[in-house]
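Read the single chain below, which is given as structure tokens and is the form predicted on its own.
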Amino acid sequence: MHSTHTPIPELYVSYDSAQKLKVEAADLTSHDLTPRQICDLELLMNGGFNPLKGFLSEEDYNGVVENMRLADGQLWPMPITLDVTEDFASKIELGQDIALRDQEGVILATMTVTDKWEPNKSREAEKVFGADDLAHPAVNYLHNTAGKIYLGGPVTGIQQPVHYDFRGRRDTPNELRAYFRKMGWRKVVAFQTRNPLHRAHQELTFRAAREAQANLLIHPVVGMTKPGDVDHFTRVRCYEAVLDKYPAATTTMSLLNLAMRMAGPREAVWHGLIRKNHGCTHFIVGRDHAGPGKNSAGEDFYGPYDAQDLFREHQSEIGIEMVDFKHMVYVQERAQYEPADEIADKDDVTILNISGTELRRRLAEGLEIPEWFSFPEVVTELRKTKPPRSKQGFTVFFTGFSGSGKSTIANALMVKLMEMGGRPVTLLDGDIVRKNLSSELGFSKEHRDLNIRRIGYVASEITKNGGIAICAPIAPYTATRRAVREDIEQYGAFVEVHVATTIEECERRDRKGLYKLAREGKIKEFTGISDPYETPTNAELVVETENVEVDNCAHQVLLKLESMGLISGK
């Protein structure tokens, strides 16, 4: 039983060796790690991903993808790979050492490259995430963010990634093991979460620990979660507020710098192995554990109990016992939480429940959140970060062919919003942006994407600071529009407006004479003539401009904003 508290192997070298390696590494080729790679590297180095000794080799990767096992047969469900560009990979010889650096250029580790290959990403998506479907955030990441080539090989740790926030709340696996040892905790139930804790979670975790006669580790993920989640600063403040509601002698909290993949069943097994490394003996697996939401067909990616089933199948090998997640609901007559499936008189009592969606709606509209549902301290924290929608910044993003009327409608909308007052309004129109932000860019696909990402970056900063950004680029590519949406939705609403004027009508209008030049071949790569336009399929609003006044088009957008709660009638 005590074996869970003996130290586990880390990949760090001694302090003196690290100082020496830092000097020697000056001559090595450097790879600048992405945020996700930094999260992975931290858990490789501190033993969180034990038994891994580095980024997966091709043979290990294939085993993990196909049957959740490393080449030597050990259970490991998640590909931990160092993805790089083709350009970078072409400069690397097998057997070469490279320096792994953070985004400031600080060296964190060196790696001996033993493997270099181009993975079959569709196969990886299919096997690991259950479907090659871009609606899954990790599949989208795989195809649209991750590099094309994987490098594998053992890692030598020089120093931990730097964290300036909540330093006292972060623990390595060995630090937690030492703490449990010191406290005499032999049984520890871990609770994984990426959301703020409300009363139901508090009841459920408290109950789980009591039933297992164990201590409780609240182990929230602060690395990377699902796009659109509440930011970790707010969440940790919420966790700290809830921590007081638990008995201090039997409960602790530690932050886990994990980059989640939202991989449902496989992710649950992965979470179990990680918690085992952190010295835990039990793990709570939730309904739809680490689920990413809906797939392209609008159905859940995974069944509600798939994760529990896969975990149960492997639990003896993981070396950690699964604790069933009970769905807790509030029974009004008895003023207490009870497990939904244990209420004998459920037809005669009033069962109250607020879904995550309903909670977000109430926060967005500034409505009451009852005390039976959440702790007032938690609600206060959430309201600080998420004021009602009518006080938040947002972005309206017009897309459509050149000459479709985007700029004209955007201008009209800007004037109408300025007339209403209350928030500063900025118009990021194609031509203005090309002059101020992107004067050096041409119209190749790469440059168009770069231009749109710059617009998105500025819009996200405006949105974050509570202003309104109106963008009107052509933005012909779906993947780029999605990336911009993700950049902005961290901070406020993203309203995509497809100005659906047909190419024929745009060419007939030809206000700037550009279509004529494109037809004559004098403008290369012209959207709709010699370059594709990928029509949006899930825009918040589609506007037709033929035989419609500009004022009316702009008014349709205003009505949409009002229906989304972004501008209030008051």
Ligand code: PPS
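Residue numbers run from 1 along the displayed sequence. This structure is a prediction, so every number in the text was calculated from the model and none was measured.
This next part talks about the form predicted in complex with this ligand, which is not shown.
Checked against this ligand in the model of the complex, the residues 308, 407, 215, 392 give one hit for a heavy atom within 4.5 Å, which is 407. Though this ligand is absent from this view, in the model of the complex it lies within 4.5 Å of a heavy atom of just one residue from 403, 79, 264, 130, which is 403. In the model of the complex, residue 516 stays away from this ligand, with no heavy atom inside 4.5 Å.
Though the partner is left out of this view, residue 526 does reach within 4.5 Å of this ligand in the model of the complex, counting heavy atoms only.
Proximity of residue 485 to this ligand in the model of the complex: non-hydrogen atoms within 4.5 Å are absent; the residue sits far from the partner. Remark: residue 279 does not count among the residues lining this ligand in the model of the complex, judged by a heavy atom distance of 4.5 Å or less.
This chain is displayed without this ligand, yet in the model of the complex the stretch 471-479 from 86-94, 115-123, 345-353, 471-479 comes within 4.5 Å of it by heavy atoms.
Residues from 436-452 that approach this ligand in the model of the complex with a non-hydrogen atom closer than or equal to 4.5 Å are 443, 448, 451, 452, in the order they occur in the chain.
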